[in-house]
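One chain comes next, on its own, written out as structure tokens in the form predicted on its own.
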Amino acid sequence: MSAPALFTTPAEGFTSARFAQHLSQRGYLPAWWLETKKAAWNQFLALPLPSRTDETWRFSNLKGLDLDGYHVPEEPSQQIPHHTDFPQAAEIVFSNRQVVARSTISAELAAKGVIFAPLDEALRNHGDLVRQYYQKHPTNLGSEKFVALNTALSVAGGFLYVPADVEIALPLVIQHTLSGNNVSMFPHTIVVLGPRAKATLVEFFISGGAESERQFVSGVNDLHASEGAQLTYVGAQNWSRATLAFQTNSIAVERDARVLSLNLHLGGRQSRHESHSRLLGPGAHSEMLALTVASGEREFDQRTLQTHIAPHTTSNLLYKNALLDSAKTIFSGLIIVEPDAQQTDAYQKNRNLMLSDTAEAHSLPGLEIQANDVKCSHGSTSARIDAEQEFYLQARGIKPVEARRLLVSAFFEEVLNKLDDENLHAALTGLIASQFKR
């Protein structure tokens, strides 16, 4: 008997038979996890692809959302590019969904109850804890179909749990690499900080092999900071020029907790990033930051939501894009202040540095305020590079490409300076500089 068709429109590339095989290979995982996958698969089948009438996809290139021909690789690749080394507490490296390298946390941290493990290992050993936080606060910013596919097919991913009052001085690192043509990956990472805990997690998303390799990625993060916790999350992607990439981040901030999330976007043919930050308790603070180097004909689509639910909460969003060639960026952000969230203090800024006459930047900031004692503002600016500054550098023998790199670095420094870790700051600066050497 032939395998059932995946879609009513057979053009797309994942099959029900492949999903059944995926489930059968994971019978060792908790029953609730497998049932969640089945429900997500049915949701994926039921949801349509985005259409021109969807407000959450305004200005996006819908013709590029072609899932035809992708497959899920079963074997790791020998092509494993590596991020810039910097001091870290532990690291997990995935290649084509498989763990290929790993350093464990110290015995001292393990004795305190810290868990840093691949997601499937955490499901086996700490299933109830994972279940408590898994997709607890959905993002719901337009990519629900692709999030459902992530849930159905996710294997690679990390789980970080830091108990109350434990501080980890050095960053923990997860690297996801994808190599091959027409391959796909569905990483899912969960971070949970207990009351007054402190930690930094850095994720790198990197393509191996040729820049022309066609790849598809749908990633999801769940970030939770309990009362008084301090979480720093950094996500840096440098996918191939032919990659279609989605990433959704859900951020939950409890009473007096602080979360700083910084996302660096460098690669991909079409890359969409959605981030929803919820301020759940008085004194909660969320710092939402992003840097993008958009070159060639790439499209970077950024959708954000800052939801203030409790009173006396603060949030600040600063997204900076540097646009070259015929690249395109889209920023659509909304601050929502719910009726009980009095004395909210929320800001949202999108700044675009235009390095080309043919580049295109769209910005749609917005406010939805239901309380009467708040301070909220939003704004967007797009400006050309300062010709005098560029001339000044070139007049001193600095080549045009290097001059632009220096000006972009100066433009980005306001965001990078918000990181406390100087080594991490330097690593990200190096990744940005690499975009001007191609």
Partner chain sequence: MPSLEIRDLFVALAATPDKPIVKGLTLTILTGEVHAIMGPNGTGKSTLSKAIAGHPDYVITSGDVLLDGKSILEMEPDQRARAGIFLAFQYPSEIPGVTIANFVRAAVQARLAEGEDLDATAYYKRLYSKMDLLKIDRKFTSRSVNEGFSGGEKKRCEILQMAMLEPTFALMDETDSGLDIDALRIVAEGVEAMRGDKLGVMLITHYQRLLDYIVPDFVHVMYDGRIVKSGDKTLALELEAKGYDWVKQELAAATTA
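Source: prediction; values computed, not measured. Residue numbers count along the first chain shown, from 1.
There is another form of the same protein, the form predicted together with its partner chain; it is not shown, and what comes next is about it.
Student: With the distance limit set at 4.5 angstroms and only heavy atoms considered, check whether G397, E402 and L407 all reach its partner chain in the predicted bound form.
Tutor: Yes, all three are in contact.
Student: Using a 4.5 Å cut on heavy atoms, which of Q389, S377, Q370, N42 is close to its partner chain in the predicted bound form?
Tutor: When its partner chain is considered in the predicted bound form, the option within 4.5 Å is Q389.
Student: Which one, I385, L29, L393, L49, lies within 4.5 Å of its partner chain in the predicted bound form by heavy atoms?
Tutor: After the contact test, the surviving option is L393.
Student: From the candidate stretches 54 to 62, 377 to 385, 407 to 415, 34 to 42, select the single one in contact with its partner chain in the predicted bound form, where contact means a heavy atom within 4.5 Å.
Tutor: Result of the contact check: 407 to 415.
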